[in-house]
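What follows is a single chain, given as structure tokens, in the form predicted alone.
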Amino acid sequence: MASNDSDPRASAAEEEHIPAAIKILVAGGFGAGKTTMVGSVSEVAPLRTEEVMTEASLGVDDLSGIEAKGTTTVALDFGRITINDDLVLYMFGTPGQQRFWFMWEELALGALGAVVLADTRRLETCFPAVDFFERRGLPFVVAVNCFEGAHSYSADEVRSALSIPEGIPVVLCDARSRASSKEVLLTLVRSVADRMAATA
């Protein structure tokens, strides 16, 4: 006679559902809003490695257009967002200053894709991130962070200015807004999925 008794621990293990985890990078120029984006969308308190700007940055970091900036990321920002029951994104924000670019290689290991934040006040500062991901063949989207008081440009105008191919999404966003930042991440996930389907 079969027993109706069951081990509750075994049942719990069978019912446990572990979602797929995806690592993405949030990159871009110095002061483009990477820390803000990670913080706005993360469902956990984000890990930040921000330090107060000191005299050491004088003559090294270009503050034109962002003169009021008082802190800077010196290692990385980290956050997490659950997209649905099957998918969790782990976000790693990269430092923007050139003297910290050596960390990008380590942070890119295992990443499935990236967001390149662009600041139209200093559009040229996102070129290194675009070049970095293009050279590595890592899927990315360009998210134009629409700062208050900055001149407005369309996504097509930014695409043209950066010479971004049609296959790479360019979207407008507000890095302070959870909904806007989440839509940027969803755009990246869809782009990665489309790219994988095309090469399957």
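The first residue of the shown sequence is 1; numbering continues from there. Please read these numbers as outputs of a predicted model, since none were measured by experiment.
Unshown form predicted together with a small molecule; subsequent notes refer to it.
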Contact of Arg176 with the small molecule in the predicted bound form (heavy atom, 4.5 Å): yes
Though only this chain appears here, would Phe132 touch the small molecule in the predicted bound form if you measure heavy atom gaps against 4.5 Å? no
With the partner left out of view, is Val41 within 4.5 angstroms of the small molecule in the predicted bound form by any non-hydrogen atom? no
Taking heavy atoms only, is Glu166 within 4.5 angstroms of the small molecule in the predicted bound form? no
